[in-house]
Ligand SMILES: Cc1cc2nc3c(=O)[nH]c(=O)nc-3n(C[C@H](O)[C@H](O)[C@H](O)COP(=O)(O)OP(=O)(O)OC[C@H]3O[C@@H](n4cnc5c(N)ncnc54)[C@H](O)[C@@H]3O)c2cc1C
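Read the single chain below, which is given as structure tokens and is the form predicted alone.
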């Protein structure tokens, strides 16, 4: 049986004080959908557990000018139901809707999805595709903001300092002409882990050429990142079939030999083309 101290701060300041004193051996819990099974199985043996779910400052969705601020303890269900997110960041709604089943979505949090650093995270790749930023606070350094793309260093390893707390996810509202698409492949009736997911955000100029493009897969690599080779091929050019095929080759070329077995590459190629086509022909921001 594990023996650890359990802390339940009511303010960010209290939480930062505890992390300052116990950061190295302290694990943070919110929804607990990942941490509780790990504690039960003794996969991790912390000295302390810091429950942040009762800190009002860390939950909710608000608009700050052209930026949407999401508290890290905001659940996936709250994101799905938010009119603000539906209107300005619909890609995030699709990604959150793909997480597990209703029980997981009601309990799991966006901050946990990011801080867990799982290669199979559904929401983190979407946040990266949306050029999201993360607000971190610590007693020693105060507040700093980093790109979501730089949050994870390796599977289950973030670049956060041990005494830092994620206090906000900041994402600029998408312009009305922005198009997007998200797709997840998983086992039928799967409750958590994806075989792969892809988030795409794009804009076309008045001539129909790509003026903005962000392609971010999940599960296909150890860390979610933009597929720069495919993006470079498409940027500034019109999405003709031959160009899409060239971009698809670059997409799988970026993945080959890095993380996934080669037999999955043809599937990844097909999914990329399908999601790109949906983004081009389908949904746009209201």
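What you see is a predicted model; the values in this text were computed from it and never measured. Residue numbers count along the first chain shown, from 1.
There is another form of this protein, the form predicted together with the ligand, and it is not shown here; the text below is about that form.
S.K.: Hey, of 91 to 99, 210 to 218, 173 to 181, 126 to 134, which bit sits against the ligand in the predicted bound form at 4.5 Å between non-hydrogen atoms?
M.R.: Going through the listed ranges, the match is 91 to 99.
S.K.: Given that the ligand is not shown alongside this chain, does residue 115 nevertheless sit within 4.5 Å of it in the predicted bound form, heavy atom to heavy atom?
M.R.: So residue 115 counts as contacting the ligand.
S.K.: Quick check on residue 78: any heavy atom within 4.5 Å of the ligand in the predicted bound form?
M.R.: No, residue 78 is distant from the partner.
S.K.: Decide whether residue 35 counts as a contact residue for the ligand in the predicted bound form under a heavy atom distance cut-off of 4.5 Å.
M.R.: The answer is yes: residue 35 has a heavy atom within 4.5 Å of the ligand.
S.K.: Do residue 139 and the ligand come within 4.5 Å of each other in the predicted bound form, heavy atoms counted?
M.R.: So residue 139 does not count as contacting the ligand.
S.K.: Would the ligand in the predicted bound form be within 4.5 angstroms of a non-hydrogen atom of every residue among 27, 121 and 164?
M.R.: Yes: 27, 121 and 164 each sit within 4.5 Å of the ligand in the predicted bound form.
S.K.: Going by heavy atom distances of 4.5 angstroms or less, which of 104, 146, 204, 84 would be at the interface with the ligand in the predicted bound form?
M.R.: Of 104, 146, 204, 84, the residue with a heavy atom within 4.5 Å of the ligand in the predicted bound form is 104.
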